[in-house]
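Given as structure tokens, the chain that follows is alone and in the form predicted alone.
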Amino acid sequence: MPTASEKELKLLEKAAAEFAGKELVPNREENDKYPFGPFFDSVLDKAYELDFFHIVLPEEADGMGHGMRALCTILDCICQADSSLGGIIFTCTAAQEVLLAAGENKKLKQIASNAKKVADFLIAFPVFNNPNEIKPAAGAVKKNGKYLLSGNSEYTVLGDLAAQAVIPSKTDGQEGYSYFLIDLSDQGVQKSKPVHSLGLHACPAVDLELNDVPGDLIGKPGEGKQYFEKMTDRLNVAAAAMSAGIMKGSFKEAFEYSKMRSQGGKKIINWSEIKMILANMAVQIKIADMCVKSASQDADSRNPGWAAGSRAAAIHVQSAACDMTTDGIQVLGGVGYMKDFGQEKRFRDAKHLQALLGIAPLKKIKYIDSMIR
């Protein structure tokens, strides 16, 4: 598998960190008001220009051709500032990975070549739903050699931003489900208003209602489960990197605040209780970094057990992020619940990210089931 060199990784990290500091941090609170406030279109355009959506896309499909470690590096830096953009990058990458798993490189090349703006390039995808756990509510019928989709696709992330979507659907005569590429501008597509979610407010999702919408079959009919599993094997570690970024952002905010805030005649960072909380946060971040780095390297090299390592990293780091963002709020006290510092947003985002690629408890059950088998 193609991977980025250490030099390339450092350049990617520098570019993502500078972008996050300049474009995301200053307007984080305002951007989080979506859908009750404006969407950060200009930020999305700049992220597209920097190729943040092209990281793992093969070079023959007009991508950068880097591996999971490069994607994790980008997502970590972005999510330290605002994980909503990280969610957009992750969603589009997940759709790309489904297409790659099905051997549909030509379709990806066509999308990339025809894209004149970021919306043309983005691919919507129900990234918080595991169709192996919750059966697709859309059905596909073949008429005159073409597939037509009808039914619903709930909480389709980027459904109101992207030009196309990858949708799981039941197909006549097939035991499993299939994936289809649809044009979201088709007259048979009805979109709800953006769904106001727990976190990732600026990573919008809509419910789609489909009525005889032409669908381009991805891969082979009935093989959707196989493509989804291949995608999740790789992208679980990227999900872990997003949560690791949230952890770092929470720690930095808590650390800086504790150095400024005085109470009882001294800086609160000199209180032993605060030191203990910060120490625990720092240790959890170090462990998360080691998990993500090891799992992403193994995924790129396809070392034995790499898929299990990717899944375990996501389960562990996502859970740690939920606990640690609680500590981040505690250090700030009452103001930790206010939007000014971003800690309450990180708390919500960490919880939201646990649902990436399926329900958190079921991921644990599936992990142990694979060991039993």
Partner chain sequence: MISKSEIKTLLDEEPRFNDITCSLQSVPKLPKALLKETRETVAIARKFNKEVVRPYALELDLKMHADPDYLPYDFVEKANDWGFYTMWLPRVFGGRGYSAPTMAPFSEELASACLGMANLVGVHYLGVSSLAATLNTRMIHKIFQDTVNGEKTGQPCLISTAITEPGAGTDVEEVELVDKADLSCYAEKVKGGYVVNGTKVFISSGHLSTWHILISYSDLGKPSENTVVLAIKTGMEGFSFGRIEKKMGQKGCPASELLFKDCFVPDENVCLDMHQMKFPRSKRAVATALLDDVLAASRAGVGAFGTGVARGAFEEAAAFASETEVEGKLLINHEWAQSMLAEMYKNVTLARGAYVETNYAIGLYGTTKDLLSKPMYYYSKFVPQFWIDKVIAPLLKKPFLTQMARKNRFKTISEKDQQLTSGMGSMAKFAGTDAGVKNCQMALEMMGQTGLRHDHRMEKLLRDSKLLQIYEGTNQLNRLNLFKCMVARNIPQAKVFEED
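Numbering follows the first chain given and starts at 1. No experiment lies behind these values; they were computed from the predicted model shown.
Below: the form predicted together with its partner chain, not depicted.
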| property | result |
| --- | --- |
| Answer option from 116, 143, 302, 135, heavy atom within 4.5 Å of its partner chain in the predicted complex | 135 |
| Contact of residue 365 with its partner chain in the predicted complex (heavy atom, 4.5 Å) | yes |
| Touches its partner chain in the predicted complex: residue 45 (any heavy atom, 4.5 Å) | no |
| Contact label in the predicted complex: residue 308 to its partner chain, heavy atom within 4.5 Å | no |
| Proximity of residue 284 to its partner chain in the predicted complex, heavy atoms at 4.5 Å | no |
| Segment assignment from 98-106, 169-177, 263-271, 248-256: heavy atom within 4.5 Å of its partner chain in the predicted complex | 263-271 |
| Heavy atom within 4.5 Å of its partner chain in the predicted complex - qualifying residues of 320-351 | 322, 323, 326, 329, 330, 333, 334, 335, 337, 338, 339, 340, 344, 347, 348, 351 |
